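This document opens with one chain alone, in structure tokens, the form predicted alone.
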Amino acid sequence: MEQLPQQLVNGIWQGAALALFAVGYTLVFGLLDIVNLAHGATYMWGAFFGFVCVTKLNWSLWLAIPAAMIGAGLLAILLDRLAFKPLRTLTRGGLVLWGGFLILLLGIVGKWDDPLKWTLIGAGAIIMLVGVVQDYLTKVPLQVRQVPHLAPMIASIGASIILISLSQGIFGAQVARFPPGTVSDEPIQLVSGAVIAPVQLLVLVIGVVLMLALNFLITRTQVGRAIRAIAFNERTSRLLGINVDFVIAQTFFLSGALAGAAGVLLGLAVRRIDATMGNDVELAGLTVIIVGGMGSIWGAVAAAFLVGMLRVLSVAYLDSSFRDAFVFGLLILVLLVRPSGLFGRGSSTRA
């Protein structure tokens, strides 16, 4: 028990990182009732965006983190426009966007000489931009569909595979790390028997600040009121004049930005960035939003700290090989006792 203060500190900062990731998950579910299984890939790309800013552009970490959040947020919007929105509403702009994406993909993965390769990539990017603008300006869609429940989940799995493959093609399969000295390694003494590394403190502080900022945005701003209105009833929101597609894009941006921040911070903390880094945290994040209650932001936050603490304590005092088994044991227990999750509520009160 002498190690308990240290293990509690470890559980808290890991819970903060997990909360950042899981809140993005639950934001999209609360709005659209879909489980976005490409969220882990967005998290991975956020880590690589931060890595490129620090190692290739020589930016400071304080610039790299917001840049990674913006990059991951824009990637999440693109993900919605390519994988999810065509399932809900098909437009000519969406078809143009898909055409541009296929040309871009052909340019990236094809074995072309340099002039042709960059011509394909540039042309694909321009056509995608035209498609996004055309899609946004569309007043009368080609088709409005009732989406089967499994379709978005399957689409997100496909999108995740594409994003991971693109990452492996661009950055390679080897593990990348932030340069030594990006954050000081000197531990900070908290209390007797407990220290915290500066990067762990950074994860905790930024995680808490971002979650408080998100709470302010959801509860006190016009954007937050629009998100909650759409979560309550999309059709009524349209009748009230809310630009539903724009609000959905904003929600995906928020979700991706939080995943990007989590990617950079955890990439720093665990000293590991690779194409498959999202797989482990994706399962933990999925557990968190189910235990906390699907669509409940503060439920996800509370469950993230609970799961983070359980993972740390099971490694410290039990068998580390059963760490994930204990987490899924908690998941099964919650589903048996309270199927809607610890803080689960009806759809009318989500988001």
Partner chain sequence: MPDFISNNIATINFSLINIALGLSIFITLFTGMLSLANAGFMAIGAYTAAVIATRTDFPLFGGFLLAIIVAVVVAIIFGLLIVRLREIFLAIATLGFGEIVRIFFLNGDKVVKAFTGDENTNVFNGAEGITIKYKSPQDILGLPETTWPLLLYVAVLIYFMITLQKSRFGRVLSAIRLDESAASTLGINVVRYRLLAFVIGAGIAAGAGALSTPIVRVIEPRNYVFGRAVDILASAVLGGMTTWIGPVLGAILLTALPEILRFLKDQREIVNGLIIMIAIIYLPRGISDPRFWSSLWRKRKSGQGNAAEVATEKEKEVKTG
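What you are looking at is a predicted structure, and each value in this text was computed from that prediction instead of being measured. Numbering follows the first chain given and starts at 1.
Here the subject shifts to the form predicted together with the partner chain, a form of this protein not shown in this document.
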Q.
in the model of the complex, is there a heavy atom of the partner chain that lies within 4.5 Å of any heavy atom of residue 243, even though the partner is absent here?
A. no
(Q) When the contact criterion is heavy atoms within 4.5 Å, does residue 59 count as touching the partner chain in the model of the complex? (A) no
Q | the partner chain contact in the model of the complex: residue 9, any heavy atom under 4.5 Å | A | no
Q | the partner chain contact at residue 150 in the model of the complex, heavy atom, 4.5 Å | A | yes
(Q) Considering non-hydrogen atoms and a 4.5 Å limit, which listed residue (173, 205, 130, 154) is close to the partner chain in the model of the complex? (A) 154
Q. Among 313, 53, 306, 37, which has any heavy atom within 4.5 Å of the partner chain in the model of the complex?
A. 37
**Q.** Interface stretch in the model of the complex with the partner chain - options 297-305, 42-50, 321-329, 61-69, non-hydrogen atom within 4.5 Å
**A.** 321-329
Q) At 4.5 angstroms, heavy atoms only, are 29, 86 and 339 all close to the partner chain in the model of the complex? A) yes
Q) In sequence order, which positions of 276-291 have a non-hydrogen atom within 4.5 Å of the partner chain in the model of the complex? A) 282, 283, 286, 290
